[in-house]
Ligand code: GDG
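Given as structure tokens, the chain that follows is alone and in the form predicted alone.
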Amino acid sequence: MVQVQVPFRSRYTPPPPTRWDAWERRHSPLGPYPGPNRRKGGGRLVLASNRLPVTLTPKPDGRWQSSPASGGLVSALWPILSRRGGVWTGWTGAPGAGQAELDGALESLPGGDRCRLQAVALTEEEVESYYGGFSNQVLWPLFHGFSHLCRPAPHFWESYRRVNARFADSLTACLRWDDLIWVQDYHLILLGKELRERGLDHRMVYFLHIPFPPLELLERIPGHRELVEGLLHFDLVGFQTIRDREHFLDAARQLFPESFPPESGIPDPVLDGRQILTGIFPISIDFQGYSGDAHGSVVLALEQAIRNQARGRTLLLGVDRLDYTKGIPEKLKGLDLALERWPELRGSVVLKQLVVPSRDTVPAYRDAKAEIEERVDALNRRWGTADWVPVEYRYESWTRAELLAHYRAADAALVTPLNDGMNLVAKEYVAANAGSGVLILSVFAGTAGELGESALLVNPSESDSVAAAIRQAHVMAPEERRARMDQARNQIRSHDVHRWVKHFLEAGIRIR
């Protein structure tokens, strides 16, 4: 079981900053220079992520419609911002909108000066090349081990650098001396370096939500050296798993051996006299939120309708965003083999597979969707009968109530990614199910480090493994089901997203 770890801390004390001369200390837009002890105590929290926690869409009358984002990260971070004050910087989801009109639209949202949103405007070309291009056609497949799907292009990399620089300009305009800057995920790897080049000496921490690849994969894309160097400009770099941290340290050691002085006696790198700490912080969910909402009257009514539809069959559930990393075809192969190997499963189990639309304009995602639908059709034609189909396929998005109802009704959930930083669907299922559900979980999901003892672990690339787990879940005794689910719920209850935020910020505040 992976425990949250506080990064190693050296006794080495870096020299006082010298990059601000007397004129800058008097006239910096950050305000009066507070002296060398400015890092103590911690000020506001300044967040930077690709997207803001709201989406802006234009209305016919020329005004802007705002809709809040959902998810555990937003629900965990917004109260922290409200309590200690801060800024959240990111893109609004509106391509081509001017900076002035975005700023005006965000001013009307709640939060005021103490907790405000700051927009970074992106052109349509930048959305295509920085976000859809380098972020999602280069970094995403490469970091997940699908290097053959990378589509690098020179203008993708240049756009990625340019947008990271614009984020740095946006942050610099709103910072105070004692702010703690927390950067989220793979879209903004270069942001720390951009801020350092502007002379900022703030505490800066970074969290990577997806896996970090080994150097032999990383070297296949342009800018790989700059990406590793970019992370070295943060004070703390957090990863989901031990494997991700080790991959990063190995890449940094090979590309920047001078950053690992042997006389320091520490495992983490040192750059410009500043130690870079690394740590393992498995992200989680709002356990109480999922568990509590799962008992609502609407959810309970939907659950009963789902159970009635299943007609006493063992209900298997798959909830995946459309992505080639999620192992959906492999899941279907496993079910196909299970039905072939154990005839008693025919007519007795049904897989309800939700595929949430995502990036379906990208060729690799269109191909993934086509493969999934071909396999569903072939499986249903092979095994289906007049009153039973083994796979009920849905390509849509469910409301929160619908999702929770399916979590409650499912006798087993199949979470089978080929590679995943964490995979929060597994944790959501455990939090909402609260009964005798069985979690079938890929060994390649970061979640396996926490839930491996309570789940049925599978290698999704081995159909035998998936098939055997499906049968085991079907025949498992109620007592074992309950014991496994209780163990999983206790783990997530005590390691929820609020604890994750608390530990990460505590580690960041203690820097220097």
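A residue's number is simply how far along the shown sequence it sits, counting from 1. Computed from a prediction, not measured in an experiment: that's the story for all the values here.
One more form of this protein, predicted in complex with GDP-alpha-D-glucose (GDG), exists but is not displayed; see below.
With the partner removed from view, the residue among 275, 240, 278, 353 that has a non-hydrogen atom within 4.5 Å of GDP-alpha-D-glucose (GDG) in the model of the complex turns out to be 240. When you look in the model of the complex, the only residue of 424, 77, 294, 338 with a non-hydrogen atom within 4.5 Å of GDP-alpha-D-glucose (GDG) is 424. Judged against GDP-alpha-D-glucose (GDG) in the model of the complex with a 4.5 angstroms heavy atom cut-off, the residues 283, 326 and 399 are in contact without exception.
Shown alone here, residue 174 lies farther than 4.5 Å from GDP-alpha-D-glucose (GDG) in the model of the complex, counting heavy atoms only. Contact check for residue 140: a heavy atom falls within 4.5 Å of GDP-alpha-D-glucose (GDG) in the model of the complex. Within 4.5 Å of any heavy atom of GDP-alpha-D-glucose (GDG) in the model of the complex lies no heavy atom of residue 91. In the model of the complex, at least one heavy atom of residue 210 sits within 4.5 Å of GDP-alpha-D-glucose (GDG). Exactly one of the stretches 118-126, 390-398, 161-169, 189-197 approaches GDP-alpha-D-glucose (GDG) in the model of the complex with heavy atoms within 4.5 Å, and it is 390-398. Looking at 311-328, the residues that come within 4.5 Å of GDP-alpha-D-glucose (GDG) in the model of the complex, counting any heavy atom, are 319, 321, 326.
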